[in-house]
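The chain below stands alone and is given in structure tokens; this is the form predicted on its own.
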């Protein structure tokens, strides 16, 4: 099967020319280059909306020395090169395009859950080390068979039958992160597990204990970047995978409802962190600490997750009307915005944890109060004759509260209030 026409339709002209140039330079070095990965799968699916990752982030496998080829390409183009000699890989950046070149390799696993030992190999070796048959296809970019599909493990047939199939019985035990990936693909494409794959997946769920927290977290992050991650989370719960990651993780209807609400309120780039904060909303402090330790969360996300629980316990303070805008601001300013948004989404008057009043206060902070700034800063106050130090700090805070509460509206109002405050503080 030849996919040359699909390649030309799918790739922007500039990127197509870059790929073809790389193939020509590879031929001069006696090497062959293949397009691999999700782009091949998505070409065959015929639906560009199913592209995964960045819009034009292509993977190329080189039968030869990928780093040497990438270095040569970088010298004759405007590409930015990042080479990893140890792994035989290189990354070329051309503006909005990224090309990942990897030397064809074979893998062996010393023990379950370990990172594989890698040695140079053939294209077929490289394809069989991959996770599922639908990801084992390649397209030749060589001039003599340009566009020809290479499909040694029947990936195209599994695509047509809408199946997720592993390549060998030890696949999940060698690398149990494939369990999370299998569910992600199953739910994204609406596919089913091939019979033996389903049996082996359930058998090898305990092998997730052999995987580091960093690698499990990475797979969860990829799930949370899906259009509807709650589908995969629900499925992981049905299969018994979630409890293996954390005993209190759930994939119930509450998650689906709140995730849907989150998508309607937040920008997509902020969603994964918000999803994490919603996932842990019912956790106790002890369970949250266990969760953060297990997944080796970043300091920033850990703070957001802890803030989510801390704020949840303080929501009754916001369940009071009326509260001045300044009171709302100074109750909430210490929390990460994503934690505040998580509470605004998760709290529900029917649950008894807060009322509609608290939700309105949370949203007011997020949409307006946190952006309120005074026209005057420390330098401006110095010019008005107010000395730096505790006095200035008090003046700035009172000015800010007055701005929040509508007590001052113009720069002149602020100057007048600042001078009057300074006189009072001097007495």
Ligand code: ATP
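This one's a predicted model, so the numbers in the text were calculated from it and none came from an experiment. Numbering follows the first chain given and starts at 1.
Below, we turn to the form predicted in complex with the ligand, even though it does not appear here.
Asks: Determine whether any heavy atom of residue 177 comes within 4.5 Å of a heavy atom of the ligand in the predicted bound form, and answer yes or no.
Replies: Residue 177: contacts the ligand in the predicted bound form.
Asks: Does residue 154 make contact with the ligand in the predicted bound form, using a 4.5 Å heavy atom cut-off?
Replies: Residue 154 lies outside the contact set for the ligand.
Asks: Can you tell me whether residue 64 touches the ligand? I mean in the predicted bound form, with a 4.5 angstroms heavy atom cut-off.
Replies: It does not: once the ligand is placed as it appears in the predicted bound form, residue 64 has no heavy atom within 4.5 Å of it.
Asks: Determine whether any heavy atom of residue 310 comes within 4.5 Å of a heavy atom of the ligand in the predicted bound form, and answer yes or no.
Replies: Flag for residue 310 set to no.
Asks: So the ligand isn't shown here. In the predicted bound form, which residue out of 234, 105, 184, 306 has a non-hydrogen atom within 4.5 Å of it?
Replies: The residue from 234, 105, 184, 306 that makes the contact is 184.
Asks: Exactly one of 212, 72, 135, 282 has a non-hydrogen atom within 4.5 Å of the ligand in the predicted bound form; which residue is it?
Replies: That would be 135.
Asks: Any idea which of 237-245, 320-328, 122-130, 296-304 reaches within 4.5 Å of the ligand in the predicted bound form, heavy atoms considered?
Replies: Residues of 122-130 come within 4.5 Å of the partner.
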